[in-house]
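We begin with a single chain expressed as structure tokens, specifically the form predicted alone.
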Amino acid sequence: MSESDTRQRLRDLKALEGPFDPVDFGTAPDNPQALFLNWLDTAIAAGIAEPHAMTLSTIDAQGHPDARVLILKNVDSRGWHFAISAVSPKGRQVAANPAVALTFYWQKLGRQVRIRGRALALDADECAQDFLARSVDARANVLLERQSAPLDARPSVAEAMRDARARIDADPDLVSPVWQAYAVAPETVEFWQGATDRLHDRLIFRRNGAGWDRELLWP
């Protein structure tokens, strides 16, 4: 396929077809966590697959951006929570530079939420609670402590997983010492409601001491 064919193929794909329900930011709550939870409830009710999936963006040691999709674990007054292996590339990046961004996109609703802030490490009890709430396979995967390392042969993964599951069977309360939970303390949170005519509605919250300033943005 030529470059021109690819360009045309992409242009022919539909985007923001809608219809989307209108949004009234004038009635939005006073803090972004409350509005986010309202939007999350709407996404769940709409049957959107994995509405808690989000893109975590970080900065590596060379100053380059990096991004991957994770699962949201909680939202509270401290911020948006996620958990990762401290020895993974993203774990090392967050430890070295806690400035991160989160992005949610719910295509069926034409809605996006963008969060910028600092990842605050949570205490050992919360890390353990999150780890033990994971499935056996998910816990075993963390116990490998080899995420993103070069793989010599696929059978090595199955063998290592068997050993990790055996460790869990022997000690069901085993918690990986490298499992780290974070709360992203937000500095800015933007809510974006797409529109088929591209006159999108946008509301941004900016941290101001213990409170929030908010304003509408041009599409």
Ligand SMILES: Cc1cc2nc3c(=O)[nH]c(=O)nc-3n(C[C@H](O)[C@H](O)[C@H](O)COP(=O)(O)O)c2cc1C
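Note that residue numbering follows the sequence shown and begins at 1. Note that this is a predicted model, so its numbers are computed, not measured.
There is also a form predicted in complex with this ligand; it is not shown, and the following applies to it.
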Which one, Asp171, Asp30, Glu50, Glu159, lies within 4.5 Å of this ligand in the predicted bound form by heavy atoms?
Glu50
Identify, from the list Val136, Ala133, Ala124, Ile71, the residue with a heavy atom within 4.5 Å of this ligand in the predicted bound form.
Ile71
Is Arg111 a contact residue for this ligand in the predicted bound form, using a 4.5 Å heavy atom cut-off?
no
Ser148: heavy atom within 4.5 Å of this ligand in the predicted bound form?
yes
If we define contact as a non-hydrogen atom of the residue within 4.5 angstroms of the partner, is Thr103 a contact of this ligand in the predicted bound form?
no
Please check if Asn97 has a heavy atom lying within 4.5 Å of any heavy atom of this ligand in the predicted bound form.
no
